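Just one chain follows, in the form predicted alone, and it is written as structure tokens.
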Amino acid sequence: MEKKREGFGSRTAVIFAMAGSAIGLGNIWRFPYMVGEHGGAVFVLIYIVATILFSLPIFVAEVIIGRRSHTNARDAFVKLAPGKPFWRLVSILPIVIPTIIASYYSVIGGWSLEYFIKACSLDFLRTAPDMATDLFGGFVSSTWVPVIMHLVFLAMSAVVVALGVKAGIEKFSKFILPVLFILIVLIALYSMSLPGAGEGVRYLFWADFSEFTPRTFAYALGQSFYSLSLGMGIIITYGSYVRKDENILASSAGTAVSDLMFALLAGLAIMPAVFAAGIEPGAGPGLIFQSIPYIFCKMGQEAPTLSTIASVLFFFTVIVAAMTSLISLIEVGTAFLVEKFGMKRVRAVFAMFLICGTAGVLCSLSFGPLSGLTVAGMNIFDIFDWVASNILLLIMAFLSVVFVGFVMKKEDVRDEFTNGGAKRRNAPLFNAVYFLIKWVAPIAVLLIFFTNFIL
């Protein structure tokens, strides 16, 4: 007799949990600096189109794998393709990938926790604007504080996962996601009110097609994958918790729309302020930890109370966004350990804490004592990010759509997509979505590979 598994209680719970995974650091940390580095509004336009045409079908495919298998991300492929050694071999990827990403995500989460503490302790009021960048450099290059913050942040997220799917992940997501949206809207409204912020809004939404390059297309498509947590095993895992009577297309579309909305709001929260302060939008991954504090330091000279409120709200928002991402990453490995080895959830979470915590310490120290340890000019943190984002994530996304399009029976895919025919409105859309999954999505992933490694 199959052991009863936990699952999400409603469509709202499904969307909130999946959107909580998608709406995280990929949007508030990665999206703004990617926009700044790759063409502004042109990047944004391609990102929106790519999410609808390419990423949403891949998202649907991963949910189908999860719900059809009704098991963890590793065993899903083994269960749906029994007796096929290749899929047994590659099935470890959706466990390895989120573990790698969680290791350095928790480091970034630790940075946001440290900056939240700085905001609460009025550090930005005591720092000259031109010294704001040095704050970050001095912090990340130190030994103990970044490591401690990384471990504390990882422990905070692990506690939520330890509580379970319904009591932990579902409740946390349903409570915190509305808070996250409210906070980012407030920050965006303030950012757009700054003198000179109009140029930042124009940069986001007024496309200059002379900025378009093949790399712009590839990076926008890659950001769409990254933002929706594709190829990470997360959506397969969460899909396994989706009830059999739930409308997969509606839940997936709701998640994608929520993710798009938050990404655009994150852009409006950061880019207008960046332009108002005269900061280079292509400042790179350190944008929110180097450029944004400059704004708070400068604001603190004229309006200290407003600066304190704005900085506290902003970095609290980053903390929440980082937690929603990290929780989903930890859950993938936790589900695997619980179901494959029969571990109690708390012990499985503790094992994930030890693995991610140890790897994360190395990532954190790569900016300080281990900064001299590099490969091709990349430190340990950069290697983790580059390998996960540019190689493993794309391989897994490609394998997921190939699996649904060529390994699973079309009748089984249709059965999941239409809930055995019960969702009649989905039936007319099936052939179009199946075509995107089987033919268009794999080509899109290969294009990203081609652009990343050849152009």
Ligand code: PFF
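Numbers follow the displayed sequence, beginning with 1. Computed from a predicted model, the values in this text were never measured in an experiment.
In what follows, reference is made to the form predicted in complex with the ligand, a form of this protein that is not presented.
Enquirer: Would you kindly say which of 119, 234, 221, 268 lies with a heavy atom within 4.5 Å of the ligand in the predicted complex?
Expert: By the 4.5 Å criterion, the partner-contacting residue is 234.
Enquirer: Of the options 294, 336, 353, 226, which one has a non-hydrogen atom that comes within 4.5 Å of the ligand in the predicted complex?
Expert: After the contact test, the surviving option is 226.
Enquirer: Does residue 27 reach the ligand in the predicted complex if we count a contact as any heavy atom within 4.5 Å?
Expert: Output for residue 27 is yes: heavy atoms within 4.5 Å of the ligand.
Enquirer: Indicate whether residue 73 is a 4.5 Å heavy atom neighbour of the ligand in the predicted complex.
Expert: Judged by the heavy-atom cut-off of 4.5 Å, residue 73 is well away from the ligand in the predicted complex.
Enquirer: Is residue 22 close enough to touch the ligand in the predicted complex, meaning at least one heavy atom pair within 4.5 Å?
Expert: Residue 22: yes, in contact with the ligand in the predicted complex.
Enquirer: Is it the case that residue 314, even though its partner is missing from this view, gets within 4.5 Å of the ligand in the predicted complex, heavy atoms only?
Expert: Residue 314 lies outside the contact set for the ligand.
Enquirer: From the candidate stretches 303-311, 273-281, 181-189, 323-331, select the single one in contact with the ligand in the predicted complex, where contact means a heavy atom within 4.5 Å.
Expert: The contacting stretch is 323-331.
Enquirer: With the partner left out here, which residues of 93-127 have a non-hydrogen atom within 4.5 Å of the ligand in the predicted complex?
Expert: Just 105.
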